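Have a look below at one chain only, the form predicted alone, in structure tokens format.
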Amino acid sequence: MAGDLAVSMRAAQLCAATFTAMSCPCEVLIETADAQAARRLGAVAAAEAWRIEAKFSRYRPDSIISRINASGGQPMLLDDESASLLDFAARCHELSGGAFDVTSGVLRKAWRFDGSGKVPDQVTVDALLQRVGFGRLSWNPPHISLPQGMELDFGGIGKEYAVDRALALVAMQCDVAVLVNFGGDMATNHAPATGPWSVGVERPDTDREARLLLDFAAGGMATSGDTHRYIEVDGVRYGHILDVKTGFPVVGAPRSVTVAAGSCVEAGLMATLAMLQGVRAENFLVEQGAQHWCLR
């Protein structure tokens, strides 16, 4: 939700506008020495991030997602933006063979990656799996009917969508290089005059230092992994990316997957789909021809 926006100089011709949205640190890097212009452009990005968060967050009782989840199976008419995102989720579900499923968020009632170190029992997981499955909802655009007890969660696509939207709005108002970075998911219109952006990918452990430094000049980049969200029980690490067929964490996936693509949404989708492949993550990315970096 809306909060403070700060502006600082990062270099002679580089300003950063920073704020918080979607429970993560956000920054907009702008190739300019004009702090006033950076504040104005940063405010455009922040306003869009806060708008999308308010509209699609499952934590907001007045969001469209919360209203769908509370609809009790009654048909609802979706606006164009919501319908477009649900159409995208449907395509992702189909392309992934059902592995990418925006109804799987209900499994968080069993899995709490909060450091508690508790693994749910099979009975609990099996009961929740009865409430998972994109094919169980009725989607006849622009009308949706979500069965009682099921939930939608756009958490797997919302942040990347916000990045692309924020960049598009900012780029419309300037002709300089801009990098939008929301919690490590990012997009840029082009590189600054000094050369490509330098992007660090965290080590998949607790020191949070950069393991990789990547050049980034155009399009989107996103990382999926279990660096921050996991539990460890009896020496076994359970990441937060769940297999909707079993209700348990995907086995054998890399600790993190970073993908560069034409947009942040595309990059985020490919990174997530790779993680869902488990041990086949890297083979999957090679087969798709995706520019990627995997850390184990």
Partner chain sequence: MQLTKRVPGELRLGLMAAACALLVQPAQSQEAVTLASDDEKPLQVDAGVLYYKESAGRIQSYDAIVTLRKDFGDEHILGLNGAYDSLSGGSPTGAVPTKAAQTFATPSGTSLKATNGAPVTYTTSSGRKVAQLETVTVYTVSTGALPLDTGFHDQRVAGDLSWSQPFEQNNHVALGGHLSHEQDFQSISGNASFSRDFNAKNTTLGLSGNAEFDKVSPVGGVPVFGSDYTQLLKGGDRNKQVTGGQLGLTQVLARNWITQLNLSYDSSSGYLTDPYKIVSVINTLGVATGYRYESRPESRSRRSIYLGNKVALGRTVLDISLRHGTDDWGSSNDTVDARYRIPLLGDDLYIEPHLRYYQQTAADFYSLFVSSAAAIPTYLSADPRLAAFSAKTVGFKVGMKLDQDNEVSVRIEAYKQDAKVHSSTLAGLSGLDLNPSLQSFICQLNWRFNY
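In this text the structure is predicted, and so the values were computed from the model without any measurement. Positions refer to the first chain, counted from 1.
In what follows, reference is made to the form predicted in complex with the partner chain, a form of this protein that is not presented.
Put simply, residue 131 is far from the partner chain in the model of the complex: not one heavy atom of it is within 4.5 Å. Shown alone here, residue 51 lies within 4.5 Å of the partner chain in the model of the complex, counting heavy atoms only. Not displayed here, the partner chain is kept clear of residue 18 by more than 4.5 Å at the level of heavy atoms in the model of the complex. Of the heavy atoms in residue 148, none are within 4.5 Å of the partner chain in the model of the complex. Site annotation in the model of the complex: the residue of 136, 108, 190, 143 reaching within 4.5 Å of the partner chain with a heavy atom is 143.
Taking 174, 119, 169, 217 one by one, only a single residue has any non-hydrogen atom within 4.5 Å of the partner chain in the model of the complex, and it is 169. Only one of 191-199, 82-90, 175-183, 119-127 lies within 4.5 Å of the partner chain in the model of the complex by heavy atoms, and it is 82-90.
Within 4.5 angstroms of the partner chain in the model of the complex, the stretch 269-288 places a non-hydrogen atom from each of 269, 270, 273, 282, 284, 286, 287, 288, taken in sequence order.
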